[in-house]
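Shown next as structure tokens: one chain only, the form predicted alone.
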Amino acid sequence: MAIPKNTLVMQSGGNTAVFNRSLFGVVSEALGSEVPGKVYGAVHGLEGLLADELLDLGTYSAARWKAIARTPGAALGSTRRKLESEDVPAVLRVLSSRGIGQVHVIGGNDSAATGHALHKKAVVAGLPLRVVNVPKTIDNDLVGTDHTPGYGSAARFVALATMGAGRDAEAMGSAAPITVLEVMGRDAGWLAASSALARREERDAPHVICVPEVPVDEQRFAGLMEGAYRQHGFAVAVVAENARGIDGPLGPDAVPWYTDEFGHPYYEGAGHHLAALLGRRLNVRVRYEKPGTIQRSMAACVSTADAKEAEMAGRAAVRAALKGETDIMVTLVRSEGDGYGCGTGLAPLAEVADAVREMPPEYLDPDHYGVTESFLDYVRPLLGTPLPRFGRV
């Protein structure tokens, strides 16, 4: 059976600063192909597909797409809706009626599960469909890929925020010498770990990094922070939102305040708990900072490498679908040898779906709640242009 020419693209999951660069890559490549059909965008992802709320993305001007590509967030609107069995008939009906033969979901591991399920349901129904996902997540936790679009820009934000927070705490001295910065990351510490790039001298922040891969002994954490404070006159800790204690979630309440449709639990801030612990122990003012969504939407912190690779991944997805590939996700492949380079590959959606790539042991320094030089070598080129260098009197 011939594959219909039209293409559908959806954005799914948490936003990134380069989410729309991948969208731009998909749309540009699909419209410029040798056998172009219409390119539809589902409003709020699966929600729009279910409601047949699709936009004809080929009607927008090149100038408008250039502006969209530079815009953080999700231009189509994102979603965390899970594909349920009762949704399948409506989804397949819309795909068939719109003549859609290629589907590209730009998203993370939950989106991989959606793409994989959609592929299987289409096969059972006899609907000719190619599903090629585009990777996206600031968490950098997708298996099968060296890194993910969105991570480099968020990591750049975290590194810059840590540099600034460190100099602020150093300047305030006894008035507010301790800062705990809590960052995103859900089940892996890649984002918190990127703060280590802020440190160029021993006194520079961060002095402690807490990631989910290394259980936090609260008294040892407090001892390390107190030691840094006594030595330098200030101390900064960067804590992943789901950093865990030895016996489970940090804090007195181990019950999540929210669990999403994919079963991911969300707890009260680990950083808030650790900040309160330090305040009691050191009897000084401890600032607790939680940047929230600005770490994934700060346009001023977009990594040049991240933006380029996000678009590259979108274009690669279209080319793969047109070659007949399906039930796969585009991956980013780091070039071997000296210098940094990046190309694309492919990974089965079944291997990416619902899986989490944690930081490997060789990137972690659990004795000091820090990271290794190997990790710094890995992450440094993903942030794009070099970070600024600050001075001291």
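Please read all numbers here as calculations on a predicted model, not as lab measurements. The first residue of the shown sequence is 1; numbering continues from there.
Form predicted in complex with 6-O-phosphono-beta-D-fructofuranose (F6P): not shown, discussed below.
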*Among the candidate residues K308, R244, K121, R80, which is the single one with a non-hydrogen atom no more than 4.5 Å from 6-O-phosphono-beta-D-fructofuranose (F6P) in the model of the complex?*
R80
*With 6-O-phosphono-beta-D-fructofuranose (F6P) left out of view, which of H147, H207, R130, R296 would have a heavy atom within 4.5 Å of it in the model of the complex?*
R296
*Although 6-O-phosphono-beta-D-fructofuranose (F6P) is absent from this view, report whether A320 comes within 4.5 Å of it in the model of the complex, heavy atoms only.*
no
*asked:* Does any part of R186 reach within 4.5 Å of 6-O-phosphono-beta-D-fructofuranose (F6P) in the model of the complex? Heavy atoms only, please.
replied: yes
*Hey, in the model of the complex, does V158 get a heavy atom within 4.5 angstroms of 6-O-phosphono-beta-D-fructofuranose (F6P)?*
no
*Does S153 reach 6-O-phosphono-beta-D-fructofuranose (F6P) in the model of the complex if we count a contact as any heavy atom within 4.5 Å?*
no
_Just to confirm the contact call: exactly one of 199-207, 133-141, 280-288, 219-227 touches 6-O-phosphono-beta-D-fructofuranose (F6P) in the model of the complex at a 4.5 Å heavy atom cutoff, so which is it?_
133-141
*Just give me the residues of 26-46, first to last, that have a heavy atom within 4.5 Å of 6-O-phosphono-beta-D-fructofuranose (F6P) in the model of the complex.*
none
